[in-house]
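Quick setup: the C-alpha cells below cover two forms of a single protein chain, split into structure 1 and structure 2.
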Structure 1
C-alpha cells in the first residue's frame, strides 16, 4: 500500500500554479520525503518522519520562508519499504506527479544510492539526512547533499575509540568479529573494518553478514561464540539488533566489548526490548541527548513530549535537514531547482534552532558531503536511574563524573 501524507501549516491565502519558480510569492515549498514507513526499518523511518514534522511545524509557525513571501513547507511522504526499486519509483512519482521542489531520504543506503540518480537526472536537489554509504557522495552528482557522516568516518572513529580504550584501561584487544546486515550499509562498514583491522594489527576471527529480516540469529551467535573474539562489531537494524543482543545473552557469549554502529542499536525500542542484556554495550552515533549544545535539551524535551521517546542521531539529522533547507531557500529566494542547488552548495549554517548537533556548522564539500559531521561514542549503563545512553568519547565530550566500563564484566 502506498503511504502518502501532507502537512500544510497554515493554508495559503491565494492559489498559485504548481511548478512556478517566481520569487516573492507565498507558494508552498513541496518537499518529497522517501523513507521506510513499513518493513524492517520502519521504526527508524517513523522517527525521521516525526522529526521532519516537528521542524516544519516550527519553521511554518515562525513565518515560513520570508524571501518567498512567507511560503510554507509542505511535506509529502512516500514509503520506500526499504526496497531500492520502490524508492526509485517513488522518486519518479514525487518529481513528475507531485511536482516536489526538493527530495529527502531514504535512510537505507541501498535505497538512497539509486534514488539520488533519479534526482540528478531531473536536476532536483536531494538532501540526504542520514544514509552513510560512502558511494552516495562518490558519484560525482551535483544535486546530492548529505548531512550525516559517511560510513568510512564512522568506522574510522570506532577504531580510534577502541585504541583509546585499550590505552586508557590497559586492556589488550587482539581478536575481532564482524557481524552485519547484508545490505549496502552493513557491507560498507565491513569493508572499512577489514582495512582498519589490518592497519591496526588486529586478527579478524569472524566476518559474518546476515539478512536483517532473519527471525532466528542463533546460528550467527553460535559462530561468534566459537570464534572467541575479544570485541564484536555490529551493524544492525532495529529488529535484528534486539534479536542479536538477546540471543548473545541467552548463549552467554563472553566478550571484552560490543561496538555497535547506530541504526537499530540507537532505536528507542532497543533498550526497551533488551533491558539488562544491552548493559555495557558501546554505540557510535552522531548525537546523544546529553550533548552539550544550545537548544539540544529543549528540542529533545519537545520531541519526547510529542512522540513519547528521545531524539536519536538519525532523527536529529532529519530535523537539521529541514533547517538546512530553510536556510538555503531563504538565500535562493526562488523555487528554481538550480538556484536551490546553488544555495545548498554554498551552505555554512552555524546557528539557529537546527544547530543542535555536536559539531560547529553544516558545510558541504564539492562532493556534497557535510565536511564537519562528527561522531560520539556512548555506553549503555545504569548509574542509578535505570539503563541510559551515556556519552563517553571523545574524552572532551564525556559526561562529567562517568567512568566507562571496559572490558565488560562477563557473568
Structure 2
C-alpha cells in the first residue's frame, strides 16, 4: 500500500498533468467570444453563436489548422448582457484565466469599444465580425480587425443607391424624411444622412428620432404625412419596424420610396407580420440568401436545417470571421499573439469554403477595417412565389430578370 501511495499516485498525477499540458498545447486554438447571450440583444448573440459553431464544426471536421499539426478550434463563449463593464470583465477573464489566443465580438458597439481596449493592452488579436460604429476602427488600435462595413459606408451606399435609381428611372427626388430609433445606431446614421443630403442637394423636410420601445407610432407617421417627403429613410429595431410599416399603410402615406437600414427590417419576423404592407420597401443589408456566390446556398440550407432560420448578414459575418481566423492561423503557423496579428493584417482571403460574402475578398486596411466589405440593396416584392427579398443593387448583383419598382405605385 505504501508503494502504491508513494509512487503510483504521484506518477499518475504527473502523467495526467503532462498529458493535459501536451494536448492543451499542441491541439487547440482557443477562441474567446464575447457576445450578448442574455439581455436585450440576446437573439442576435444567439445567431452569432450558432454561426460560429457551424463554421468551427466544418473547420475541425476538415482537419483543423494544418500548419499547427491539425490544431482544432475551441470556442469559449462569454455573456456580455450588452453591458460594457461585463464585456470588459469577460475580456480580462478570457485572456488571463482561459488563456484564449484570439478574441471575437461583441455585436453591441458600446461593449466593443472598451473591450477592444483590453485586448489592445494585452496584445491579443480581436476580430470584430460586426459592430458597425465607425469609432471602433478609428481608435488607432493595432489588434482590432473588423469584417463588417462601418456605418458611414451604409449611409454612403444608401445615397449612392438613391442617385442610381433616380438616373435609371428618370424620377427626381427632392424631399427627404429621416425617421430613426433614438439610440447609438439611429443617431449615428442620421448624423451622416444630414451631411450626405446637404452634399447631394436634397431638402430634409423631417428629422425625427423616436424610442424603439414605443407602442404607438401614429404621431410619428402623422408628421411624415404632413411633411410630404419623396423618400423616407429609416433605422429601426424589430418591433418598431413592424409597427411603423403597418401604421404607414393604415394612414395611406404616399411616398416614392422607403429605404431602410437592415436591423429590424431584415429580421426574419418582419415580413411575416407586415405582409403586403412591406411591398416595394428597399432595405440595405450585408448579405442576402440569393447572393450569387458558390457555397452560399448550401451554407444557408445547412444553417436553416440546424437552427430553423435563414442566415442574416450578421450571422454571415460571424461565420466568415472563423474562416478568416483559420486562414490567418494557417499562415502564422504559431499561436504567438503577435504572429497571429501580423497574419491577420496580411489577410487577403478570396476563395475557399466559408467565403460566402457578396464581395471578392476579405482584406484589412491600416486601421483594421475590411476594405472590401460592401453592401447590397434589396427590394421586398412578390414575383409569384410570395413576398421575398430580392437583391437589386449594385446593378452587377441584381437578380437576373427582375426590374425594381421605383417610384412606388400608389396602393
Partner chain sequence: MNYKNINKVALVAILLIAFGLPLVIRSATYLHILVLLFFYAYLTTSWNLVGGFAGVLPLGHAAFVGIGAYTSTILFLQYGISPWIGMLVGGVLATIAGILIGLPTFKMRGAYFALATIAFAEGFRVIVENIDYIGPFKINGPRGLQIPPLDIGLANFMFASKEPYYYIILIMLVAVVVLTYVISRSKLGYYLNAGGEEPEAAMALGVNVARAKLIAMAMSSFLTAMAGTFYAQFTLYIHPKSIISLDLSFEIAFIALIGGRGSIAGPILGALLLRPVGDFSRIYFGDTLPGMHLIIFGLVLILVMHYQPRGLQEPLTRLYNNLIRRITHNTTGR
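Residue numbers count along the first chain shown, from 1. Here the structure is a predicted model, which is why all the values come from computation and not from measurement.
Which depiction, structure 1 or structure 2, is to be taken as the form predicted on its own?
Pick structure 1 here.
Residue 167 and residue 139 - same rigid part or not, between structure 1 and structure 2?
Answer is no, each lies in a different rigid part.
Can you give the rotation, in whole degrees, of the smaller rigid part against the larger between structure 1 and structure 2?
So the smaller part swings through 13 degrees relative to the larger one.
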